[in-house]
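First comes one chain, alone, set out as structure tokens in the form predicted alone.
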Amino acid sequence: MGNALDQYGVVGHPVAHSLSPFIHGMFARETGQKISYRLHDVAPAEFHARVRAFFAQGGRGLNVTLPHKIAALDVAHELTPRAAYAAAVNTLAARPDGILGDNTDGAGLVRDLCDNLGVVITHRRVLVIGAGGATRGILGPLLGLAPEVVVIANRTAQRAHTLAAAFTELGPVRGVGFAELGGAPFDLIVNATSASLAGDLPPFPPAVIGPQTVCYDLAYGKSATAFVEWARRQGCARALQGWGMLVEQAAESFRLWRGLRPETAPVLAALKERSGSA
């Protein structure tokens, strides 16, 4: 192949809106890594064949976004422990003995909370809203920081119970329905539902928020402000969108692929400026 660039990309459906090429392009320039990073819009029926072909032709790594994070479990030959726990894969990497599947979402969230935002999670009370794939991806790393408790609240209480049960050996976690939410305010509330993208809010009681509560929405962008605006109206300490998680999970992927971790602050600043949400 001579001097051909190492091939990377993001696979999703749809994927045109993805900011990953912008992010990884900045990472590559900053670290002096010569790579190519492209969008791959792949329908679910073609996912396995297209991903295997990408790696068979010498591709080095892929980010995986909706709706393929579960399907990517099956295309990987080996999973990292955090991907196995999350039961979802957002990063695929070529290895000598096959394709490695990883999940960098939770690590990205924790790095944004702890390093960028200075949020303390150890011995604190954490509420995660939603019991879907996004929650699965972040529970392990959150529990790894030894919170007092992580409570998962979901419309269907049974889904929250089931999800909590799968993570009990990692730390104190329990699942509840929204009606059971009460008592003292939480220190950190993470919205892991896609409700804010539709302008909707889950029915949680205002009592979950106090003046010390940090509220964090995994969603980001101008259209995803319902949760953040609601949280501010309740008088929380800070209400944040998931821009930092987006950039930090990408940096984790980049490190897995290239063996070095890029600086994230310049990329985060550029993204916020570009989106007009600084």
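Keep in mind that what you see is a predicted model, and the values were worked out from it rather than measured. Position 1 is the first residue in the sequence shown; the rest follow in order.
The same protein also exists as the form predicted in complex with a small molecule; that form is not shown, yet it is the one meant from here on.
Item to check | Position in contact with the small molecule when the complex is considered in the predicted bound form, options Glu78, Asp200, Glu180, Glu148, heavy atoms within 4.5 Å | outcome: Partner contact (heavy atom, 4.5 Å) among the options: Asp200.
Checklist entry - Though the small molecule is not shown, can you say which of Ala195, Cys114, Ala87, Ala94 has a heavy atom within 4.5 Å of it in the predicted bound form? => result Exactly one residue meets the criterion: Ala195.
Checklist entry - Using heavy atoms and a 4.5 Å limit, would one call Pro205 a contact residue for the small molecule in the predicted bound form? => result Because no heavy atom of Pro205 falls inside 4.5 Å of the small molecule in the predicted bound form, the answer is no.
Checklist entry - Would Gly98 count as touching the small molecule in the predicted bound form under a 4.5 Å heavy atom rule? => result Contact check for Gly98: no, nothing within 4.5 Å of the small molecule in the predicted bound form.
Next on the checklist: Although the partner isn't part of this model, could you tell me whether Gly133 comes within 4.5 Å of the small molecule in the predicted bound form, counting any heavy atom of the residue?
Outcome noted: Yes, Gly133 sits close enough to the small molecule in the predicted bound form that at least one of its heavy atoms falls within 4.5 Å.
Checklist entry - Is Thr156 close enough to the small molecule in the predicted bound form to count, meaning some heavy atom within 4.5 Å? => result Yes - in the predicted bound form, heavy atoms of Thr156 and the small molecule come within 4.5 Å of each other.
Next on the checklist: To test your reading of this chain, name the stretch in 185 to 193, 104 to 112, 117 to 125, 78 to 86 whose heavy atoms come within 4.5 Å of the small molecule in the predicted bound form.
Outcome noted: The contacting stretch here is 185 to 193.
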